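So this first bit is one chain, no partners, the form predicted on its own, shown in structure tokens.
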């Protein structure tokens, strides 16, 4: 393993393709990957506008990271487990989570699977094996390793994929998870989306190492660096890591190089700490533009197709929010559910008091 080898890449920024590495996916699969990337971008754009309008309280954008999300999720089986950070809506959409469900969670309404108990952009959906995110940095890593260990003990054939950013690799939970995964050879893909910034902290201040993937060597398993703006490279690298894990070969650390084009969240102003020239440079590597050119060169896509798809994706996002916005809030009694199987006397008392107060208003 060489620390400074070139990241694995199939489609170059100009859309040209290494034919010897092309996985030659079916036309429907290629177009579905592209649709999911465009939908994710449309939801991102719409959600930031909604937050600025005061219609949702908070949003974590992932513009620029669509290939990393979509390519990795496509490499999994439906029964495999995704343990999310909070910048992977595209992975959830590809798995089958409706866009409406993201907005139900952002609004905390009666159809929110989390019953309004989690902050926006920390969605999850058990029906598609997508574990909700939590805000503390890196805490999802040992949770995911534990889930993978359970799969190994049960011999259920399930692989776990856990997403985290470059900032999480500076946390103790990263070491704990990596060490346990290596020792017990659990079926997991540790997917580091190195988007170059952990809020205002640049990658250069995260580690003295030249890369993140090289750290896997110290824990006794494979690390690999991938061009995260190349959806096919992400898919192939993740598919290979998943296949290895499923056959008992243990974990893989994928360092997927991408860029956070927008702010860390709608509470952040990246202009205070980031040079616009750097952002403009990465925009030239836009994963959606790159994959569109690839499809055009294969004769599968054209300008008219793109205009129609972008309009449909924007309309889909807006219609999904309209549904969520017009859904009532959770009933007050939901405050006291899911605490004990049999409610205690004081919870019953609080429930009755809350219902009375709501009835009075």
Partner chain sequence: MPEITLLQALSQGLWAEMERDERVVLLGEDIGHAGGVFVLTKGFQEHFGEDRVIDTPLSEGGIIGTSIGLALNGLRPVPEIQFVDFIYPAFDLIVNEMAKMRYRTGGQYSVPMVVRSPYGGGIRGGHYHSQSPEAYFAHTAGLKVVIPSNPYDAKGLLISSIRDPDPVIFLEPKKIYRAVRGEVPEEPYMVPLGEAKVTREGEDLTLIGYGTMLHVCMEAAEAVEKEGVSCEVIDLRTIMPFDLDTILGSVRKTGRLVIVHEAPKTCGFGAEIAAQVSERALLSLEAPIIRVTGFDTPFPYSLEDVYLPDAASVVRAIHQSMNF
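Positions refer to the first chain, counted from 1. Quick caveat: nothing in here was measured; it's all calculated off a predicted structure.
Just so you know, the form predicted together with its partner chain exists too; it's not on screen, but the next bit is about it.
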(request) Look at the stretches 70-78, 223-231, 271-279, 236-244 and give the one with heavy atoms within 4.5 Å of its partner chain in the predicted bound form. (result) 271-279
(request) May I ask you to check whether residue 93 falls inside a 4.5 Å heavy atom distance of its partner chain in the predicted bound form? (result) no
(request) Consider residue 120 of the chain shown here, and say whether it contacts its partner chain in the predicted bound form, taking contact as heavy atoms within 4.5 Å. (result) yes
(message) With the partner left out here, check for me: in the predicted bound form, does some heavy atom of residue 14 sit within 4.5 Å of its partner chain?
(response) no
(request) Could you confirm whether residue 248 comes within 4.5 Å of its partner chain in the predicted bound form, counting heavy atoms only? (result) no
(request) Using the arrangement in the predicted bound form, list in sequence order the residues of 316-332 with any heavy atom within 4.5 angstroms of its partner chain. (result) 329, 330, 331, 332
